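The chain that follows stands alone, in the form predicted alone, written as structure tokens.
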């Protein structure tokens, strides 16, 4: 089974170190979540893994092969795909054009067409909006485009950064149900999320990040009932 391993990872923005020796493991057969307060370093970790941020020290590997020093397209080609915070879709392009950009490394036309149909089955509203300019979509529809675009690369591991950000509660529930469906289809997921309850409720394993370090980790069901997690992130105690 494919495994992403991060060991003693340090990463920085310029001269400012943001990750301070992070160690975690994400299995491709699991839905793993990473929770923590805003500014804890969750998004930074995803950027480091996908080659978007300078690595200072430590190791990152996928299938036993190092990711350190590899450019982002090389990491995507190995099956790790990053859906960034804030959706980052191309606003002047149509839904179709955004989705096809997710497959920019692929040359299998039949497979791309098949995956477009898969995206429409997962998010039927995107079929209705196929030729619509992305900037005219609702926030929830834009998030659907962002996730579907990531899936167009046929990832083995999907890194999702704050997919619930700015969405109404009913849309959050819908997005999280779709993530569970994607996972059941065999895609591993590392979900970065401030909505701790929603994330832990669907995850197999979870980690808690605080100020660039991992504070807790374990089965998500245990973290959901951990008094420290409840007090800090779930409004308990």
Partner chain sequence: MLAQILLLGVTMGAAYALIAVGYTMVYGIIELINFAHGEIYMYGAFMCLAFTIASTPFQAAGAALFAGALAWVVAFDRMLERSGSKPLAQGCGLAAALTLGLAVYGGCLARIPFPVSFLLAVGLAAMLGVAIEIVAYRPLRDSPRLTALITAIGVSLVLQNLAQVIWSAENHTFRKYDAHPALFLRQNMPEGTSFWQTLVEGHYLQAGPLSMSLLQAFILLTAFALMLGLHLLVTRTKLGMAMRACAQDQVAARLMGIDVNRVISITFAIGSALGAVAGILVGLYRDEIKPTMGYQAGVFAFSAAVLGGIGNIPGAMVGGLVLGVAQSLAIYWELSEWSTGIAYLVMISVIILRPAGLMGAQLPRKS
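Because the structure is predicted, anything quoted here is derived from the model rather than measured. Numbering follows the first chain given and starts at 1.
A second form of this protein, the form predicted in complex with its partner chain, is not displayed here; the remarks below concern that form.
Look at 71-79, 123-131, 160-168, 136-144: in the model of the complex, residues with non-hydrogen atoms within 4.5 angstroms of its partner chain sit in 71-79. Taking a 4.5 Å heavy atom cutoff to its partner chain in the model of the complex, the contact residue among 51, 188, 212, 36 is 51. Although the partner is absent here, residue 102 lies within 4.5 Å of its partner chain in the model of the complex, judged by heavy atoms. Its partner chain in the model of the complex comes within 4.5 Å of no heavy atom belonging to residue 111. Proximity of residue 106 to its partner chain in the model of the complex: non-hydrogen atoms within 4.5 Å are present.
Residue contact with its partner chain in the model of the complex: residue 116 places no heavy atom within 4.5 Å of it.
The three marked residues, 10, 15 and 21, fail to reach its partner chain in the model of the complex, with no heavy atom of any inside 4.5 Å. Contacts of stretch 69-98 with its partner chain in the model of the complex, defined by any heavy atom lying within 4.5 Å, are made by 72, 73, 76, 82, 84, 88, 90, 91, 92, 93, 97, listed in sequence order.
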